[in-house]
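A lone chain, given as structure tokens: the form predicted on its own.
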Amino acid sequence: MTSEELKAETSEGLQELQERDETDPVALAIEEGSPFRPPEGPMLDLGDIDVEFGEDETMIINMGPQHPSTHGVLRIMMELEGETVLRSKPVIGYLHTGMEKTGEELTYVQGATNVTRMDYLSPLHNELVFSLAAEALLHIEIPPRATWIRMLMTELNRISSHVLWMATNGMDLASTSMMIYGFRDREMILSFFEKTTGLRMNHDYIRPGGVAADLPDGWEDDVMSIIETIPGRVDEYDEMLTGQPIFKHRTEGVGIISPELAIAMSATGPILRASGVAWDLRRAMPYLAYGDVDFDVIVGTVGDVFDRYAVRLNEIRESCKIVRQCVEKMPLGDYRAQDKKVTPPPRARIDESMEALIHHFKIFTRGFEVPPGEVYTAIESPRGELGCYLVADGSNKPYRMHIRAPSFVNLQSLPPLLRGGLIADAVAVISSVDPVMGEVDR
């Protein structure tokens, strides 16, 4: 097979980065880092980035999709002049699973076990946003205990996600110690999840109407053990990385994004907050019981790779504060709504009552019908604004489900983040975005 035949065989078509003289001017500007914004005007000024090149000296290369530092099957095509990145283009779709269309063929009862697999590093957030959307359509309120359990579990999930990011980011920047420590500390939280939900990941624990089961006996001791250990470990990460000369040189001043550009690119989560914008849905648009707990919204000043690291490091500390307050304020009562339309009967009743058995059978086979309507709910996942748009037609399945995945949206930030930097910095920049490809290719 000739090189031209091989290229045609493996081509991703218009998704790929084309030669400069074959690229549409608008597409070329986007690849060079200018956001295309029709309502406000075509381009946003990129500021002081000035890249000079000779056309004969540039080359287009691939990074991924098999590259270990792209955090999954992400392919980045870059045009280089020497070692300087002139323009770049993320190419996605290698993991496509069609979860949104699958969700339209599953009942609302089955929906949580589908969405939990999107962002597999924060599955409980996926379950939460789907459940909140379904409950908004059903017009039901869940008991206070269920609300606080959800908040406890999702904040623990935020800690485990950020700790894993610390581990993989450390490995990307050649700190094998951070990789070992991060996986060690994440294991504490996954063990508690397994004790509570029966699974380490992809739990199907948060469901429309509440949660699948109450917290296990001794949960307070387990959770307090976690939040008394993690802050000390975070101090160790801080001491090991923050002032380390090599780490600082690899992160400070690298991949800078201004507040205006971050907003223009629709970035949310640590990327946006690292640029100095104090936008956190837990504070700006409180859901669950976030209005009843005390925590700080962590922001950066420069918007570089180092700031994105520092924001996540300190968000672990803030999540530990929230978890501690959840333990102190956890109310007694039901862990799910006592609405027979959406809630199965207690397990013990199934052996005693034919009506309970029939009710249980109908809930888990037929599901429940949701009144016609549409809703969008959003929560703050470890990667940013995670939204769920549901359209109900009165049946037992969503007519339409769409997920606003922060990893997918945040990938738009890569061209301006990479432009003008060195190819050696590309690994650090991609890692700082923290993309999860299961969520991008959902």
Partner chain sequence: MGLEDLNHNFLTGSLEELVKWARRSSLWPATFGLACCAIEMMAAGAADFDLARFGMEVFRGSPRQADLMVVAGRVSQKMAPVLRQVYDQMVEPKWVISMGVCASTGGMFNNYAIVQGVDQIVPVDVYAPGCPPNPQTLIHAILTLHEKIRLGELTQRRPGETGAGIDLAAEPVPPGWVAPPSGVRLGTPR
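In this text, all values refer to a predicted model and were calculated from it rather than measured experimentally. Residue numbers count along the first chain shown, from 1.
Unshown form predicted together with the partner chain; subsequent notes refer to it.
At a distance of at most 4.5 angstroms from the partner chain in the model of the complex, none of the three residues Lys340, Gly367 and Val370 contributes a non-hydrogen atom.
The stretch in contact with the partner chain in the model of the complex, judged by heavy atoms within 4.5 Å, is 110 to 118, chosen from 317 to 325, 296 to 304, 110 to 118, 347 to 355. Here is the short version: of Glu141, Glu239, Glu187, Asp292, the single residue with a heavy atom within 4.5 Å of the partner chain in the model of the complex is Glu187. Interface residue among Ala212, Ile92, Leu80, Leu215 relative to the partner chain in the model of the complex, by the heavy atom within 4.5 Å criterion: Ile92. Using a 4.5 Å cutoff between non-hydrogen atoms, Arg336 does not count as a contact of the partner chain in the model of the complex.
The shortest heavy atom separation between Ile363 and the partner chain in the model of the complex exceeds 4.5 Å. Among heavy atoms of Ile180, some come within 4.5 Å of the partner chain in the model of the complex. Using a 4.5 angstroms limit between non-hydrogen atoms, Gly98 touches the partner chain in the model of the complex. If you take 147 to 165 and check each residue for a heavy atom within 4.5 Å of the partner chain in the model of the complex, you get just Leu164.
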